[in-house]
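Below you will find one chain, with nothing else, as C-alpha cells; this is the form predicted alone, and questions on how it binds or moves follow later.
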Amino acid sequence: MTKDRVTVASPATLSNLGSGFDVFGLALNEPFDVVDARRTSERGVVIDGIEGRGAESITRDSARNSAGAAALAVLEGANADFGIALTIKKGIRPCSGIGSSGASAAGGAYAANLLLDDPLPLEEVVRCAAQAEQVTSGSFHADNVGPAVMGGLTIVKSYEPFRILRMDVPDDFGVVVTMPDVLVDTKEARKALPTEVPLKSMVFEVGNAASLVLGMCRGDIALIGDSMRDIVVEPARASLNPHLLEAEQAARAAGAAGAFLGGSGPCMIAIYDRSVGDGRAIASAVRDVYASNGIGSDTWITHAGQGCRRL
C-alpha cells in the first residue's frame, strides 16, 4: 500500500563533544522538531508552514530551508516520481548550538525516506541531510545530522568517501543543556576557526578524542568527561559566547564530569553520572552564572536519544 503521509520527531544533537570537531555527534532525547511530510503529485518539495521557536526567522524557500533541501536530496537520490509538502514545528531554537538546522534537515530527509517505496540506507539519508546543512551553515558536515538520523553517538570516519559509524552510549550518561538568551550564527562561528593547528595541539585533540571513545566503550563517565577537552575550536569561539568559561567552571564545581561548548554555541553542555545524581544542581549552578550577568537561560536535563522516530 502506498504511503502518503508521515510525521517524524527529529532530536536536538550535540556536536564535537569537545575534542571531536566535525566528527563526534550525540543524539539527545529532547528537545526535538516535528516534521510532517505528505506526498504530492508534482515533483519537488514545498514548505506548507513553519511554526514554533524561531519560526519567523526561517525561510519557506525549500531550496534554502534545511528540511526542504534534505527531503529533495533524498527524492533525487531515489529518482522518486513524486514530490513532498512539508510542515515543520520547531522545538529547537535556531542559533542554539544543539543542531537546530540539523534536526530539521534530518527530519526532512528521514520523513522523505519513509515515503519511498524502496528506502535508502541510513548512511545515505545522513549524507543527504548533511548536503542540506551546507545550505544553512556553508559547510558539509554530519556531526549533527548523523546522530539525529541514527541515534546514539556517531563518528564520522571520513568525509571523502563519506562514512559514518554509530555506537551506543552508557545508560548512566546524563546531559544538562543550558541555552542562554544569546544568538550565535554557525556561519559566523566557522569564520572564527583557525586555519592552521600546531602539531602539539593536534596530538592533544586526537588523544582526548580516542580516550572519549574508550570511555564510551567502558561506560566510564569520568573518563568521558575528562576527554571532552578542546584547545583548538572552543577557545576560538569563546568570544562569541559570553561567560562560557564561568559557566563551565560552575558546572564542574557542581558535580559535572565534563563541560563544553555545544556546537558553535551559545549552549553550554555539562555531562554527569546519572547513577550518582540527577543533574539539577548542575543546571542551577549554570543558570545562576548567566542570571548574575543579566542573561536569561533555558535548561534541559536529559540523556542520549534514539534519533529520528516516526510518530
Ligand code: HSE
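The structure presented is a predicted model; accordingly, all values stated were derived computationally and were not measured. We number the residues from 1 along the sequence you see.
We do not show the form predicted together with the ligand, though everything after this point is about it.
Looking at the ligand in the predicted complex, residues T7, R39 and N113 place no heavy atom within 4.5 Å of it. Screening R166, R237, R229, K90 for any heavy atom within 4.5 Å of the ligand in the predicted complex leaves a single hit, R237. Interface residue among N241, T186, Q131, N208 relative to the ligand in the predicted complex, by the heavy atom within 4.5 Å criterion: T186. The shortest heavy atom separation between N65 and the ligand in the predicted complex exceeds 4.5 Å. The ligand in the predicted complex is approached by N144, whose closest heavy atom lies within 4.5 angstroms of it.
The ligand is not drawn, but in the predicted complex it has a heavy atom within 4.5 Å of G263. Although the partner is absent here, D298 sits far enough away that none of its heavy atoms falls within 4.5 Å of the ligand in the predicted complex. Of the candidate stretches 263-271, 50-58, 31-39, 243-251, only 263-271 contains residues with a heavy atom within 4.5 Å of the ligand in the predicted complex.
Along 63-83, no residue reaches a heavy atom to within 4.5 Å of the ligand in the predicted complex.
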